[in-house]
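We begin with a single chain expressed as C-alpha cells, specifically the form predicted on its own.
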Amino acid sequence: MPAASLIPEDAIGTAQNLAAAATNLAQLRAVMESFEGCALKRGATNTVFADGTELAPVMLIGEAPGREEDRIGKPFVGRAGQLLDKMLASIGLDRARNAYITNVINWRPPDNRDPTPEEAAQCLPFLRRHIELAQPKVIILLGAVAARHVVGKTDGIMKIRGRWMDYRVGDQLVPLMPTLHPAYLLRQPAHKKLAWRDLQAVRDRLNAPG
C-alpha cells in the first residue's frame, strides 16, 4: 500500500515499527524523513528532528515547528528559540554543550495551529523512541501541548508547571518538569518569573548528589 494512502491506524503501526527498528538517533532521523504516514509532512519544507547535543543530560520537548523552524529544519530558531536559549543559559545549559531539543510534532502544522490528536498519535512512536535513544537525565516539557501528548495531562499548563513527574523509559523513571512555552512568555512576560522557578528546580535536580 502506498504510504500516502495509509489510514491513521496503519500510519501509527508503521511509525511504531520504524521507530522500534532504529538503534541510534541517526537511524531514527532517517526513518522519520522516509515516513509518509502523517499528512503534515506533505505540506512541510523540512522534517524538524532535533537540535543541540546528542546524549545531553537535559532533553527539552516543545510542541511543533513554526515557520522559521520549518524553513531551517531545526527546532526553536525564531524569537521563542532566542528566549529559550537565554532561559537555558540562566541555569548553565546551552545547545552546544549540554541540552538537546525536539518537538512532539516534527512537521509544521498549517498556520501554526495545534496538532490534531491523530497527527500527534502518528508522531508519538518516534518521540518515545527519541527519548529512549537520547537517554536524558531530566526532561523539560515546554507548554500545554507537549504535556498533553507526552504525559497525558489535560489540565492547563499553569496548574501543572513546576511539579516534578516521572517518565518511564524501560525500567527507568526519568524526572520530568513541565514549564511554560517561550512563545507564551513572549506574550506574557510577567510570567517569566514562574518559568525561572521551574528552571531553578531543574538546575537543583541536576546538581543534587547522586
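One-based numbering along the sequence shown. All figures in this text were calculated on a predicted structure; none of them were measured in a lab.
Same protein, other form: the form predicted in complex with a small molecule, not shown, and the subject of what follows.
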- Please determine, with the chain shown alone, which of 113 to 121, 73 to 81, 86 to 94, 126 to 134 has non-hydrogen atoms within 4.5 Å of the small molecule in the predicted complex. 73 to 81
- in the predicted complex, the residue from A56, L180, A64, M177 that sits within 4.5 Å of the small molecule by heavy atoms: A64
- Query: Any chance N103 has a heavy atom within 4.5 Å of the small molecule in the predicted complex?
  - Reply: yes
